[in-house]
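Single chain ahead, by itself, as structure tokens, in the form predicted on its own.
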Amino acid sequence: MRRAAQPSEYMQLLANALIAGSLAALIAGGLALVYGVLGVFNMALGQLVLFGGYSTWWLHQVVHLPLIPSVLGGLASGALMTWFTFEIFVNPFYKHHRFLPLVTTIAWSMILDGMMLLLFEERPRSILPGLKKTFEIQGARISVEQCILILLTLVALLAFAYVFHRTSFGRKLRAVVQHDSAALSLGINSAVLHRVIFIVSGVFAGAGGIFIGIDQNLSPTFAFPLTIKAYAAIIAGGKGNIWGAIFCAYLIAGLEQVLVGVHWFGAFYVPAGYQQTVALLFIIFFLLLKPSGLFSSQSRTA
């Protein structure tokens, strides 16, 4: 006899999707800026995410700094490492051809993988180890830390939205996103903004790594799936559409939870190992049917 799904199970899926989507949105939002402006592929993104997380873990668990200074140190280290990545592995190459950084950042990602394995080994590392206090909302179990992470993610995205849409600096960013050359003709220093955008993406990446280190455990094996999921959100959302990428990050996270969390046809569950295929299928689906993305906008060329 088939067992009917309980409402609490769907609420748990929704809670899990919100947690995973908040993490993906942090990473994809910053990367969408970079991809929208420069049109380059930073394949070391996942490693930069983990670098921010591992830096926070080291400051908190090894140096024994309080959590808040450790988090600020992790964000700063993510920004600095991303700036270094831009100056050495992106800036000298993307002006010659936008696909050259694809090769250089893949090489850099492999170097970072080796460094993290050497420094932190393959053992799981948690910024806040131990059992976390959980409570129940409509049948869904969620921890206090997860609620804080979701709230801080929403605050960060809202703050970014305010800066992006309501400040003069944001107007300059939007001008560069919409048309780099035209922005230069208006006196906007595109070269400086390129660096700023890359550093902002590094802060978001570092925040994603801290999110993982607090909610789960850090592991070097997370790097490639994080990169693929972020680019899946960008492709599905539309090139240069930051909010489209954020929306699709939540959408992909929701589909992942549905794939492995639903008792399909009342007969079987999909093994959790297949969860990572959702992002890959998402990329293939949109490249085949709508390569411009869900929220693409037409830009004038003359």
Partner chain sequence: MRKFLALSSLAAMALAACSAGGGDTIKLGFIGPLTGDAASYGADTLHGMQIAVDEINAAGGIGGKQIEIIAEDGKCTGADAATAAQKLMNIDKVVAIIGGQCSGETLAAAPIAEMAKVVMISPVSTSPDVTEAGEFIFRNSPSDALKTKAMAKVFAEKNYAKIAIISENTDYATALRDSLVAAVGTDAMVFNETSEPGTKDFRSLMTRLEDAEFDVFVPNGQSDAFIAAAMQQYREAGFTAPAFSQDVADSANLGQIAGEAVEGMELINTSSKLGDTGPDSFAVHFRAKHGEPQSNLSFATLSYDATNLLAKVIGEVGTDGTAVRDAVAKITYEGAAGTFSFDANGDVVGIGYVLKKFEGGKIVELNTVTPD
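Just so we're clear, the structure is a prediction, and the values are computed from it rather than from any experiment. Positions refer to the first chain, counted from 1. Just so we're on the same page, rigid core means the largest C-alpha set that superposes within 1.5 Å between forms.
The same protein has a further form, the form predicted in complex with its partner chain, not shown here; the description that follows concerns it.
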property	result
Heavy atom of residue 95 within 4.5 Å of its partner chain in the model of the complex	no
Close approach of residue 221 to its partner chain in the model of the complex, 4.5 Å, heavy atom	yes
Residue 89 within 4.5 Å of its partner chain in the model of the complex, heavy atoms	yes
Close approach of residue 272 to its partner chain in the model of the complex, 4.5 Å, heavy atom	yes
Among 153-161, 201-209, 140-148, 74-82, the region lying within 4.5 Å of its partner chain in the model of the complex by heavy atom distance	140-148
Cα displacement of residue 62 between this form and the one not shown reaching 2 Å, rigid core superposed	no
